[in-house]
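Before any questions on binding or motion, here is one chain by itself as structure tokens, the form predicted alone.
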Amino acid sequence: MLPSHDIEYLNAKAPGHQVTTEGGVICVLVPSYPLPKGFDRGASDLLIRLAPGYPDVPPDMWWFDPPVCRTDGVVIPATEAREGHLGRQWQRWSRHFTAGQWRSGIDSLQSYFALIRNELLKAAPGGS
């Protein structure tokens, strides 16, 4: 289902992860994904859904359960929607690549996890 370099990355960096499919979409579930300071919890389950055609088709958005909020109560833009996947309700983080930002054959789950981390740091209180 996933390229070998993605499997190796998940095995090394995402202990306890699960890879399943739902409706033809590859679902990568990372339990207790650590969150930076400034959120209402230290970790939340992270879901990444990979469309058919990945890795040539870039990932789009990610989801948390339980939902992630800032400790100062400021609403994080584009996180208000809730969606049902894998029998659970998830907070959708609507983030999208711009044209040419995802480099097919170069980018991977490792670079996507780096993007997620960067977006979390920007969303945290005091983030840039």
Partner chain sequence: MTEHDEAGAPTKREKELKAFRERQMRELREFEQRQKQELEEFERQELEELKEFEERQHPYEIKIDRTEFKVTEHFLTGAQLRALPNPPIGPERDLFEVVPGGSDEKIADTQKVKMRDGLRFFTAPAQINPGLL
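Residue numbers count along the first chain shown, from 1. No experiment lies behind these values; they were computed from the predicted model shown.
Omitted from view is the form predicted together with its partner chain, to which the following refers.
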Which pick from T21, N11, Q18, N118 sits with a heavy atom within 4.5 Å of its partner chain in the predicted bound form?
-> N118
Pick from A78, A43, I26, C69: which residue has any heavy atom within 4.5 angstroms of its partner chain in the predicted bound form?
-> A78
Indicate whether its partner chain has at least one heavy atom within 4.5 Å of a heavy atom of F64 in the predicted bound form.
-> no
Please run the contact check for F39 against its partner chain in the predicted bound form: heavy atoms, 4.5 angstroms, yes or no?
-> no
Does any heavy atom of R95 come within 4.5 Å of a heavy atom of its partner chain in the predicted bound form?
-> yes
Is the gap between R88 and its partner chain in the predicted bound form 4.5 Å or less for some heavy atom pair?
-> no
For the stretch 93-124, which residues lie within 4.5 Å of its partner chain in the predicted bound form by non-hydrogen atom distance?
-> S94, R95, H96, F97, T98, Q101, R103, G105, I106, D107, S108, Q110, S111, Y112, A114, L115, N118, E119, K122
